[in-house]
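One chain comes next, on its own, written as structure tokens: the form predicted on its own.
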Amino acid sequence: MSDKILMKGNEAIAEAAIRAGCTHFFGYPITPQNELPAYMAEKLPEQGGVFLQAESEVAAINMVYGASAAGARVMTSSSSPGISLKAEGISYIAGAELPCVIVNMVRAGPGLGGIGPSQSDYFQATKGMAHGDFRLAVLAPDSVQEAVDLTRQAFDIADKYRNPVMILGDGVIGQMMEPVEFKEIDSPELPEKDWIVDGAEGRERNIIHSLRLKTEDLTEHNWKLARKYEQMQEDEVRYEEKLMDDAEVAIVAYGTTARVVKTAIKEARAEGIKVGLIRPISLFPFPKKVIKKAAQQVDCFLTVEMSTGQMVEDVRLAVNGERSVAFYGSPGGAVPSPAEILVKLKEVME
């Protein structure tokens, strides 16, 4: 008898977060992620946790700051323009070295755009989230099951590095229903939260802040953060390779797009085209060493995204001019079809 449960992506992430020990959720509604806070509103209080719908995204992210500073495992979720509103607070959280998990179910932009699935927030998530020298760890699932698994890992990574972690999905991941299994996973040994603000009996008080007015203090702090991000790049890279052993062309894609690419690759292989897939699961840290190694084997790369081209820049940086990197994009809420990708693949090979 299977232990799997049929669940919508947004709800499965919420359930995974609760099982990972999330005790506080603060958010504000926006399509296409509303099922996640709705699930939290119903289920989290039953577990003794706190759900609060804030008056705005700005208020929500600052509540996340406070709960994390007190030692709670805390989550928020939103979609594209809502994440933009949270961006200043996310910078403060990173500057104060506080762990939290942020879910972005990306909708098409810019501006209000539309509610169709998109990958146009890649730059925002991995490079330009907000002001200052900071990075998020960014995890991009391609299935509801992987979204569940990565949610658990996200909380552990956040606690390990005292840093925000983003789960980057889209309307397809959030809305589709798939069977999922909530596996019992042992968390790695994590550092003690001896920095939290929970009273100061028997010890000196802790002060959590991101303001450092002395240039030398801020310089030292920024280099400390940089070393942390370098450590992430050594220890937290996640990726999937498919049919790369004999591949002459490598397609690079993530999330929902990678699922479509897998179908296109199957069809291409049936026609005798030797093509494989490299799927970044961690967008930061990016699997640049894997792509660099593939450049010694394949004749060329094709990057496929639901955008006008964002991750392709990181692919080109990793390839470093050793092979050509073509791009196929499907922006504005449209999911590319396997047939479209196959046509572009043949064009690239010619």
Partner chain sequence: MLVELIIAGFGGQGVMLMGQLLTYAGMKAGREVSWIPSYGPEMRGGTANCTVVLADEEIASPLPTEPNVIVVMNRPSLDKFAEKVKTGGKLFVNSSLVDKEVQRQDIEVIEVPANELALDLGIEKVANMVMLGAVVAKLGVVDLETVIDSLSEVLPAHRHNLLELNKKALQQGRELII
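Positions refer to the first chain, counted from 1. Since this is a predicted model, take the numbers as computed values, not measurements.
Although it is not shown, the form predicted together with the partner chain is what the next lines describe.
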>> Which residue, 115, 273, 243, 190, is the contact with the partner chain in the model of the complex, using a 4.5 Å heavy atom cutoff?
In response: 115
> Looking at 280, 164, 171, 141, which has any heavy atom no more than 4.5 Å from the partner chain in the model of the complex?
Replying inline: 171
> Of 231-239, 244-252, 257-265, 145-153, which is the one stretch near the partner chain in the model of the complex, taking non-hydrogen atoms within 4.5 angstroms as near?
Replying inline: 257-265
> Heavy atom to heavy atom, is residue 344 within 4.5 Å of the partner chain in the model of the complex?
Replying inline: no
> Do residue 21 and the partner chain share at least one heavy atom pair within 4.5 Å in the model of the complex?
Replying inline: no
> So in the model of the complex, does any heavy atom of residue 31 sit within 4.5 Å of the partner chain?
Replying inline: yes
> For residue 5, is any heavy atom within 4.5 Å of the partner chain in the model of the complex, or not?
Replying inline: yes
> Which residues from 322-350 come close to the partner chain in the model of the complex, meaning a heavy atom within 4.5 Å?
Replying inline: 335, 337, 338
